[in-house]
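Okay, so here's just one chain, in structure tokens, the form predicted on its own.
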Amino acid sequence: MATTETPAEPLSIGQVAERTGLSVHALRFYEREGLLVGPVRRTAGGRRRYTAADVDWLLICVRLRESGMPLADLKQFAELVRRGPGNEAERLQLLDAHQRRVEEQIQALEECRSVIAWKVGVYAEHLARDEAGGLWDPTVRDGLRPS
């Protein structure tokens, strides 16, 4: 059974800011920098009016930026999307490169988390020994054994 959807009401810049987590200033910046995939329509009075598709695109942009994608790459990605079909290989290449960077960052953070967990264990053990009346091993200096 098919349903017909009526087009959603256009959204104000404030509504889009609420839905995306971007500030009104950031939304204007994205528009100026060519990071949107379509033109932002305006009312007769000049107020910006966004569509649900604009919000969906901006949510993708937010995630790409949060994951460290440089603005230049995001701008290039938006340009490729604006051009339409036929450049999917270029889009994939850009996203693959970004995905590799993100995976490298995740690996580095995992290594950092491992060191932090080890240090937490060292200090927890030290405090537990103190509470139990035990002695802290004097050959251990801040959780590191001398070489």
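All figures in this text were calculated on a predicted structure; none of them were measured in a lab. Sequential numbering from 1, following the sequence displayed.
What comes next is about the form predicted together with the DNA, which does not appear here.
A.B. asks: Even though the DNA is not shown here, does it sit in the predicted bound form so that 77, 86 and 91 each have a heavy atom within 4.5 Å?
C.D. replies: Heavy-atom distance to the DNA in the predicted bound form: none of the three under 4.5 Å.
A.B. asks: Is residue 42 close enough to the DNA in the predicted bound form to count, meaning some heavy atom within 4.5 Å?
C.D. replies: Yes, residue 42 is a contact residue.
A.B. asks: Counting only non-hydrogen atoms and a 4.5 angstroms cut-off, does residue 32 reach the DNA in the predicted bound form?
C.D. replies: Because a heavy atom of residue 32 falls inside 4.5 Å of the DNA in the predicted bound form, the answer is yes.
A.B. asks: Do residue 81 and the DNA come within 4.5 Å of each other in the predicted bound form, heavy atoms counted?
C.D. replies: Close contact is absent here: in the predicted bound form, residue 81 is far from the DNA, nothing within 4.5 Å, heavy atoms only.
A.B. asks: Using 4.5 Å between non-hydrogen atoms, is residue 63 touching the DNA in the predicted bound form?
C.D. replies: The answer is no: residue 63 has no heavy atom within 4.5 Å of the DNA.
A.B. asks: Quick check for you: of 52-60, 22-30, 91-99, 112-120, which stretch puts a non-hydrogen atom within 4.5 Å of the DNA in the predicted bound form?
C.D. replies: Result for this chain: 22-30.
A.B. asks: For a quick check, can you give me the residues of 44-60 that have a heavy atom within 4.5 Å of the DNA in the predicted bound form?
C.D. replies: Residues within 4.5 Å: 45, 46, 47, 48.
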